[in-house]
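Quick heads-up: it's one chain on its own, the form predicted alone, in structure tokens.
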Amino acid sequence: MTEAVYPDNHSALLVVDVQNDFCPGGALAVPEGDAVVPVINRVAASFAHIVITQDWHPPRHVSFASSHPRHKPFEVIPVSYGDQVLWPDHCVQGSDGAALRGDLDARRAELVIRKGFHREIDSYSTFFENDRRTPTGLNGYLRERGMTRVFLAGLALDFCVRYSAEDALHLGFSVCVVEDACRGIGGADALASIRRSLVEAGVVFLSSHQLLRPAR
């Protein structure tokens, strides 16, 4: 087992899309999505810097199957920036589904960054919209604050966490994923494949227990 890692003042915890619509009962629920909340709340105590992200879609967003007559959720269609998975309407701006989970302790978050608010561009990564050109502003914020390492937690491992990890690497950050603070949409084989590809790229996978500071 990898030894304990204590985040320093140049480390940020990125809490990705822990919203009602991605948890059980939501419009696009990730299996056991709510189980990440107590883990995130625990590990947050180890970090001086915390950023939270939210999917924040306008009505009739390009990623909604309802915006494309004759198409159904989970079909893939071509759009201006490439292939787009069509999703059920979710995380609509101002809706209860778009709200952060009520049991997520967001009091110490320094920034809440919203993504996917451009009607014609979806956004998985916390760093770039899916056209791969439009930044969310997160990179600039972290750089200006002196961050060099990011720890990712949240939903879903195979989409927003994955793309965020890949982009963070490409931007020059050291990247860790707190594995038990994430859940995915896909099956076990698909998630294992994504995990392997991230590890090969340089992402470190950790358990939350490796981040908990010993009691004083």
Ligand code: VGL
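Note that the structure is a prediction, hence the values are computed from the model and not measured. Quick note: we count residues from 1 along the sequence shown, nothing fancier.
We do not show the form predicted in complex with this ligand, though everything after this point is about it.
Colleague: Would you point out which of 187 to 195, 35 to 43, 168 to 176, 50 to 58 contains residues with a non-hydrogen atom within 4.5 Å of this ligand in the model of the complex?
Modeller: The contacting stretch is 50 to 58.
Colleague: With this ligand left out of view, choose which of 147, 62, 29, 156 has a non-hydrogen atom within 4.5 angstroms of it in the model of the complex.
Modeller: Among 147, 62, 29, 156, a heavy atom within 4.5 Å of this ligand in the model of the complex occurs only for 156.
Colleague: Can we say 22, 124 and 160 each have a non-hydrogen atom within 4.5 Å of this ligand in the model of the complex?
Modeller: Yes.
Colleague: Verify the contact flag for residue 90: yes if a non-hydrogen atom of it lies within 4.5 Å of a non-hydrogen atom of this ligand in the model of the complex, no if not.
Modeller: Yes - in the model of the complex, heavy atoms of residue 90 and this ligand come within 4.5 Å of each other.
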